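The chain below stands alone and is given as structure tokens, in the form predicted alone.
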């Protein structure tokens, strides 16, 4: 005696495959959302207490990154410039601009400006600026064309898969040491050939083990 109709087998198969496709689709959706700017904040400009324009200072005036970020070659952190650095110029230039009043007030009071951090790595991730710039990794490789940003935004996702892209194939990104702080540097047509040469010259051996960044 047949209890179930023949169509039940078809319905069961459709249900099973439907559940598998739904699970796969759900996983894909989670991964895509995790990579989106909503989660990573990539491409989102930060509002600062003073709207400092890298486009004007770096792209227009040609200021070197190291003028403000003085410890980038010697320490893990690039460093945030003290108010005195700003006042080196702005005690004479735009010295009465209302937009720069927070800078002048900071200088008078000795209280640092509270800048909004743009590239905010989680505490469980370790990154050393000096280890990268001293081995031919340019500022724009991670930060994007900072010389074109009127307001600073996070160019990359800063997720682990993004970091591993470079650690697994540094020859695609390494540049001559003299070009590390050149914001307008463009990779040559023979980047892979040049990159392989520089990897050998600089002794690059980037690790991909968990303990490299998670300490």
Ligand code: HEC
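It should be emphasised that the depicted structure is a prediction, and the values quoted were computed from it without experimental measurement. Positions refer to the first chain, counted from 1.
Here the subject shifts to the form predicted in complex with heme C (HEC), a form of this protein not shown in this document.
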Checklist entry - Do residue 122 and heme C (HEC) come within 4.5 Å of each other in the predicted bound form, heavy atoms counted? => result yes
Checklist entry - Using heavy atoms and a 4.5 Å limit, would one call residue 74 a contact residue for heme C (HEC) in the predicted bound form? => result no
Checklist entry - Going by a heavy atom distance of 4.5 Å, is residue 42 a contact of heme C (HEC) in the predicted bound form? => result no
Checklist entry - Could you tell me if residue 106 has a non-hydrogen atom within 4.5 Å of heme C (HEC) in the predicted bound form? => result no
Checklist outcome for this item: Near heme C (HEC) in the predicted bound form, with a heavy atom at 4.5 Å or closer, the residues from 182 to 199 are 183
